[in-house]
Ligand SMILES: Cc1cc2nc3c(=O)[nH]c(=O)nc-3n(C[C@H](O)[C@H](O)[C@H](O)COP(=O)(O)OP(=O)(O)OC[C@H]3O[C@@H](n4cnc5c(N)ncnc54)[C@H](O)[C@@H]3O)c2cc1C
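The form predicted on its own is given below as one chain in structure tokens.
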């Protein structure tokens, strides 16, 4: 069995510790866990002229910021507040020109322009513990007691997690923290790896105690935010080769990923980020070329 069902249906909550904030479920009508399509007529009515809080620091959050910044220019009165758990914006804008995926780097640059131009208010070091109703608006309260001014809508793009409920009778070997296969988890830990520094992997790292069961694609990454589609394609090729009995092809990993220019996950760094120029994990790494056995694809 190959489970490639992804994580789209299981968004992470607003609450900072993996659990819904107090009052979050009661405020569900005012919270979107997706990047809204601001060309949709219903969403135009919902967000135009409103105050919106965007929570998250990943690429989905940057996409939302860019979209709302443009939306605000054609819909006066729309105001955007970017709420981050981390203590500083730091490297949230990504690698910019150092990103080997040009579109991803450009997204971060556009988001930074929107922030620098004053189109987006930034709140850092805010770990939401409560969501309170204030009439038809919402007030976010942090675990240190800070209260933000009321907003009309919340867009929570704080990541996703796999839905494992229907696999409860299957013997899965999952890392307790990342909910990824135990052999894969150390390779994708967002505290250490960016999308481009994850070691190439295949059927060996995706095998579970239950014979013939494989989680692939975004679901294999559990709660880690560093997945790229190229990784999923290679996972599937390797797993299918193993199922077909071609173990030589299954063990071969043909994959070179583009570097992000930064590393680190969404919301995992709560303290101010040190100077990137000082090196270390979150600086701009030198390009690394992976030397792999080159063989034709089957």
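Please read these numbers as outputs of a predicted model, since none were measured by experiment. Positions refer to the first chain, counted from 1.
The following text describes the form predicted in complex with the ligand, which does not appear among the structures shown.
Per-stretch contact check against the ligand in the predicted complex, the hit in 137 to 145, 201 to 209, 220 to 228, 83 to 91 (non-hydrogen atom, 4.5 angstroms): Comparing against the ligand in the predicted complex, the contact stretch is 220 to 228.
Contact label in the predicted complex: residue 214 to the ligand, heavy atom within 4.5 Å: Close contact is absent here: in the predicted complex, residue 214 is far from the ligand, nothing within 4.5 Å, heavy atoms only.
The ligand contact in the predicted complex: residue 160, any heavy atom under 4.5 Å: Heavy-atom contact with the ligand at 4.5 Å: present for residue 160.
Partner contact for residue 4 in the predicted complex: the ligand, 4.5 angstroms, heavy atom: Taking the distances in the predicted complex, the answer for residue 4 is yes, it comes within 4.5 Å of the ligand.
Residues within 4.5 Å of the ligand in the predicted complex, restricted to 55 to 71 and counted by heavy atom: The stretch 55 to 71, when checked against the ligand in the predicted complex, contributes only 60 at the 4.5 Å heavy-atom cut-off.
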